[in-house]
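Same chain, two versions here, written out as structure tokens and called structure 1 and structure 2.
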Structure 1
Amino acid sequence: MEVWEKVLIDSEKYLEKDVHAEVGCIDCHGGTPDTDEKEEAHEGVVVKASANPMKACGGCHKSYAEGAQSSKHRVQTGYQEVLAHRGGDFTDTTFTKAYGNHCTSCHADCGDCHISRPSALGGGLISGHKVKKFASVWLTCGGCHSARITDDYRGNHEGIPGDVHWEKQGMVCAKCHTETDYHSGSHGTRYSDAPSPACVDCHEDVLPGDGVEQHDDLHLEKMDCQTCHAAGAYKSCFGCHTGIDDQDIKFFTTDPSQMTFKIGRNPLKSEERPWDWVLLRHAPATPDLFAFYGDDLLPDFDAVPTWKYTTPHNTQTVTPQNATCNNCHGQDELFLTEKDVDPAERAANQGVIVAPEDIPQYLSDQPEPVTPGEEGES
């Protein structure tokens, strides 16, 4: 997108057809009227008017603007909860400076989803300033959640199929994720509450005796759906460090990402997520994440695993680990064992690491493992 296109207002889509155009530019964005000189006209301009949702949007959309005050997308409660559990002290100005410099750029206000493209994609108006009631799936949702969701979902990783919900049904994000998921949520991470959506919301016929051998009480009680139905590896990130360079520019570095598939112990076991086994993804946090700013700013780093609970968006009915019993049983490499974990992070991951003796054993009375799609081929 050219720079001029990013700020081009579409007369037809916006000025003529969008009710929001009845509100003047300056009412939301400020600036100086009565001049056609560029610099002067832009004096006092607020580019992201909805950074203050109550002021920009609350006049007409009060409930949504109120919801934005605690929205995970805007306030980043997930980051805050995890860092607080790692001992991050949000009353300490050193810590909050580090957090503010490096962790808050991912937040999204109303306009970031309904009017503009994410800054990760270079920003710019999505549709000539038309205020889109439904955000653009690939530009908006995918613009931020590309590496760990969209690429999985659309099958962009070589050798790993996309999600059956996309490939067979063409389902977009909002088909499963409700408006509430986007707009509200004042506590914790997206995994703090009951699964939303839950697979069984639609697949309510998945029950013992439904004709699928593995859908017995034991399997359904012991593992979440993705453990069996994720179709392959998904992205894990490693080694995030932050700093400010000699030009006073904030930066971060990360180690190369890896495609991983690891089954581990459930770190978030609860009544709502009762399973013993879930999939785990490595988060990039490191004990010295904020070492540039001070010593020991995450004193309880080990309180939260770096291999975290995850629900990859690459589900398929038949997968490499569920094609036969022995595609999973006895397959040690599928499970997160101590050798998979950096020694410096083993303490943090004690609760999710699988002891070798706990890996389900090979079933000698069952068929050999097969590669999905190749069964019966000669």
Structure 2
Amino acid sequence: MEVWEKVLIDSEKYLEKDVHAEVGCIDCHGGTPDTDEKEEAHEGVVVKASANPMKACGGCHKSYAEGAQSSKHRVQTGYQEVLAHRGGDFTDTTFTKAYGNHCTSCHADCGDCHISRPSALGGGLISGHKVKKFASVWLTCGGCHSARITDDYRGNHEGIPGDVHWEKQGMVCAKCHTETDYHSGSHGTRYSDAPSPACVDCHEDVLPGDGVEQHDDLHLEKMDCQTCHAAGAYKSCFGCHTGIDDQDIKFFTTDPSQMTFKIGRNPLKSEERPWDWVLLRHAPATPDLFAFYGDDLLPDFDAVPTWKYTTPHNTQTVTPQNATCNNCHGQDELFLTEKDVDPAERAANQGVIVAPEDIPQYLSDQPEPVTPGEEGES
């Protein structure tokens, strides 16, 4: 966005039609009334009013603001939990400086969803300060969850179809992800709680005996839905490095991303996620993520895998790995084996790497592998 677009208050959309305009700028943003002097008027101004949800939004939207105070989007409990597992010490000022300079740029408060583009994308009013009841799916949800979700979902990766829910139904994020997912206070990562939404919330008829041969007890008990129904490769990021340049501007650099499709052992096996086999995606964390700030700030880096549980948003009925039994059985390249893992990261990933002898064997009594779509499947 152009700089002027980021700060333009649209008189028709906001000042004349938005109920929030009746409250007045000072009530949310602060400042000094009854003066025509710019510097005096801006004394005490809070540029981002919703940085304090209870103060800015809680007067009218108390329950939402209370949830937002501790939601994953705002507090980033997921980042904190994983960094702590890797040995990050949140009582160490060197570590917290690095974390504050780089990780918190992804934090989102009420305004990041309902008024502006996310701060991580440079911010900017997306509709002349109009307060949108429903956040912009592609500018807000897609703004942060772009390469790893939006591009999967809309089929933006060359040669890989998008999600059937988008292509055939035009379903946007909020059709599955409810306001509870966005607003509620929570703990841990986005995978700490039971799967929500879960495929079976809508597809209740998926069960043994439903007429689909592969929906037998073994497959439904041993693997999650995406293992069979992700339509192809999805993006993995392999390295993120942080620092401050000679002008005191914070920066990060990343290693080239790759399109991957890897089935591995379930690192989050639990009563809610009982499967043995799940899809894995490489996270961008590296042992020297914060090396600019100090040595050995993640001393227990190997405590959690770098190949992590994932749920790609590119669902299709027939996929390259489920077109026939032997499109998966005997297809070693689909599975995360030791050769796929950087030697420096093999210790961290021992729990998810698949031993060659554990890969499901080719079935000689089943049809040869086929390419999906050859006979019009979709």
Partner chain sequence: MIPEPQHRSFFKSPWLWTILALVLIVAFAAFVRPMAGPSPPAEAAAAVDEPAQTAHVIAENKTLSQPQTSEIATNTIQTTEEETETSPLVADTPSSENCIACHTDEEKLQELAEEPEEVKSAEAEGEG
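For the two forms, the rigid core is made up of the largest set of C-alpha atoms that agree within 1.5 Å on superposition. Quick caveat: nothing in here was measured; it's all calculated off a predicted structure. Throughout, residue numbering runs from 1 along the sequence of structure 1.
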With both forms of the chain shown on their own, indicate which is the form predicted together with its partner chain. 1
After fitting the core, Ala323 CA displacement of 2 Å or more between structure 1 and structure 2: no
When you overlay the rigid core, is the Cα of Lys38 off by 2 Å or more between structure 1 and structure 2? yes
Using the rigid core as the reference frame, would you say Leu15 shifts its C-alpha by 2 Å or more between structure 1 and structure 2? yes
Once the rigid core is superposed, tell me how far the Cα of Lys6 moves between structure 1 and structure 2, in Å to one decimal. 2.7
